[in-house]
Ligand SMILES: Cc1cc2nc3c(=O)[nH]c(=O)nc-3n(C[C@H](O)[C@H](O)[C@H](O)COP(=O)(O)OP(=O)(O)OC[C@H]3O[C@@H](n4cnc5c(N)ncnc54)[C@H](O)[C@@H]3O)c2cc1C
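Read the single chain below, which is given as structure tokens and is the form predicted alone.
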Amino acid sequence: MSKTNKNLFNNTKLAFSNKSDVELKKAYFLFSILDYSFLTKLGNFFLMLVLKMHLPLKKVIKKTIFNHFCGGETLDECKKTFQILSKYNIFAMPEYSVEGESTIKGFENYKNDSIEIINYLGQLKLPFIAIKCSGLVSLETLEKVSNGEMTYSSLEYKNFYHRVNELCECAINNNVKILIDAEESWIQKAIDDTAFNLMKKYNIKTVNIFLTYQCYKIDTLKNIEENYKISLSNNYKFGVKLVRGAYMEKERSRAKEFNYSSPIHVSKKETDNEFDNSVEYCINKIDYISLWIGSHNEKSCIKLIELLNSKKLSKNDERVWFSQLYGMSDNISFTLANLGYNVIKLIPFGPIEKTIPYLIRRANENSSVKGQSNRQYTLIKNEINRRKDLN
């Protein structure tokens, strides 16, 4: 890796160019807390207590942690965030961050909310939406179908497939692409099979449907290779979203409880290798595979840049996308966008009392967020000092 590449994401002036001094100091405070796991757990407990007891601190929460990591309580509130990011050539992907209800009414509500978001994205010409299959059908159905205890012709599955297909049709009509999230391994087969059936239908000429692969799983690259061959034999394009993964503790705990071999890599290094090798494989098959990576890992982003260069692919090739969470890794997002790459920021939104529990759960299970807190703290501190030196 060249010296230039090593320093690529150190430009704090660029990374925080959208933040005022006040916003930067708030971010500094937040990441100074996130850097200590004990304080993070205490903060999580405090937030849940405030919400459960309906204490009058909603404005404080909204002006601090909520505003840093979320776009707003409604889509309209998010619009200002979308516009700010657009000035820096960064696309937004809003995600309604409310835990789903496990009822027929809840599944229909999730579908209808997603349709509303897709229509909104179409109006703003924003290109992606992510959907969670467990928001459209019960975990029990997904598990039974995955294990062969329930057939794809069952009424529960048919109703689920109809909901997903309705979202896909709406997305196609709005020129929006769908990212199907990965979930726990014991329900993943049903999700995979659903995604492939949708790809056969909607990915004929271009990729409109992406399936997410979690690279902390031991067999990720092998699955991608096998699924690529299936896509070739069935004459459809293959959409791959790569992440490191968000259910590590749950996966290992369940494997231990039911006495089977854990599907998760034993070390971060192995996960990183799985991720980077999968990126390289997809770029080598770029004529047939579109790639969307969700990563806060600077080395992985640099590797993808180098692969694009080696293949002489355009920086803004519509088949390749980088993405990070809103409020995280701005040094990556703003640098890549400034260089001309396709960049997405995932923007959580929703009512504060319903969104904070989601954010806490996500922070607790998402190791990539934890691993970046110290790096973010250092970068923000450097930018505060840089601005002080200018005065």
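We number the residues from 1 along the sequence you see. Because the structure is predicted, anything quoted here is derived from the model rather than measured.
Beyond the structure shown, there is the form predicted in complex with the named molecule, which is absent from this document and is the topic of what follows.
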query: Residue among 185, 295, 208, 141 with a heavy atom within 4.5 Å of the named molecule in the predicted bound form; finding: 295
query: Interface residue in the predicted bound form among 243, 78, 307, 221, criterion: non-hydrogen atom within 4.5 angstroms of the named molecule; finding: 243
query: Distance check, residue 267 to the named molecule in the predicted bound form, heavy atom within 4.5 Å; finding: yes
query: Residue 192: touches the named molecule in the predicted bound form, heavy atom cutoff 4.5 angstroms; finding: no
query: Partner contact for residue 271 in the predicted bound form: the named molecule, 4.5 angstroms, heavy atom; finding: yes
query: Residue 276 within 4.5 Å of the named molecule in the predicted bound form, heavy atoms; finding: no
query: The named molecule in the predicted bound form: contacting segment from 229-237, 210-218, 148-156, 110-118, heavy atom within 4.5 Å; finding: 210-218
query: Heavy atom contacts to the named molecule in the predicted bound form at 4.5 Å, residues of 314-332 in sequence order; finding: 323, 324, 325
